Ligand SMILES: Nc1ncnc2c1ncn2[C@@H]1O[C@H](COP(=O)(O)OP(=O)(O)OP(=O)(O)O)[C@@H](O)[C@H]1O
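The chain below stands alone and is given in structure tokens; this is the form predicted alone.
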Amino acid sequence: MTDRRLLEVKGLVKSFGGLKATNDLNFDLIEGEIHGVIGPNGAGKTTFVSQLQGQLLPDLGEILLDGEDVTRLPAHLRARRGVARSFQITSLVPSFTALANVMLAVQGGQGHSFRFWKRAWTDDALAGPAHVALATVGLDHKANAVVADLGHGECRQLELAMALAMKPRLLLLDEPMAGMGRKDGAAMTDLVARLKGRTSIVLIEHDMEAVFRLADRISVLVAGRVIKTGLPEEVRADEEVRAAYLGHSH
């Protein structure tokens, strides 16, 4: 891992009426690292990651991706620049196979519209990368399974495969362990651990055990502001953090 900053966020502000969901938020991501973001419910975590993706545009502040100002770019143009997001709630096509869902993501990442006709399903330019992405998350054996028949954990793996199929420079993981039992959660944690160093990851997650295992650095978000950024052991030992969040999670 280098010291090169792939992502820099400066003074990010996003308000909804009188509520500042992000309030002069500053953040950075070093290329190749996993940077965890934790905080209590209502801290602004999902609003923050939605602004990184381009789903929401900030009221004030800057978002720099590899030095380029992408603050006002919509989500589809950020995707072209290598930003991919795995959502807190899955957004799959239940009637399609796992392979077909990933092929859709490959097609979108290549900048094409989602136009599927009979030949597309046998297009090696789509199927090849889709199979690689499925293998990466351990779902290659379920390539031809219909999504509606997959378990919850498998659907989360599939969603991650779709994000990886876009060959992201920046991967935004929004609660990847959400709704998982202990076994599936442990499997997902192992999977994310294998991605370390392969892509740069912003990890939003409530599972403290997973965050402290996976993250190179952790930022603690409270009331839309980062109150602490540091190594996992530094964050765990910080009294302000314990009072604001960690002390209420056990």
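Nothing here was measured: the structure is a model prediction, and the numbers come from that model. Numbering starts at 1 and runs along the sequence shown.
Absent from the display: the form predicted together with the ligand. The rest refers to it.
Decide yes or no: are 35, 83 and 212 jointly within 4.5 Å of the ligand in the predicted complex, with each residue judged by its heavy atoms? The answer is no; none of 35, 83 and 212 reaches the ligand.
Can you pick the one in 54, 61, 40, 185 that has a heavy atom within 4.5 Å of the ligand in the predicted complex? When the ligand is considered in the predicted complex, the option within 4.5 Å is 40.
Which residue, 235, 21, 226, 9, is the contact with the ligand in the predicted complex, using a 4.5 Å heavy atom cutoff? None of the others qualify; the residue that does is 21.
Region of this chain that lies against the ligand in the predicted complex, out of 62 to 70, 26 to 34, 45 to 53, 188 to 196 [heavy atom, 4.5 Å]: The contacting stretch here is 45 to 53.
Residue contact check: residue 217 to the ligand in the predicted complex, 4.5 Å heavy atom: No, residue 217 stays farther than 4.5 Å from the ligand in the predicted complex.
Is residue 175 one of the residues lying within 4.5 Å of the ligand in the predicted complex, judged by heavy atom distances? Although the ligand is absent here, residue 175 would touch it in the predicted complex, with heavy atoms inside 4.5 Å.
Which residues, if any, of 196 to 221 lie within 4.5 Å of the ligand in the predicted complex when only heavy atoms count? Result: 206 alone.
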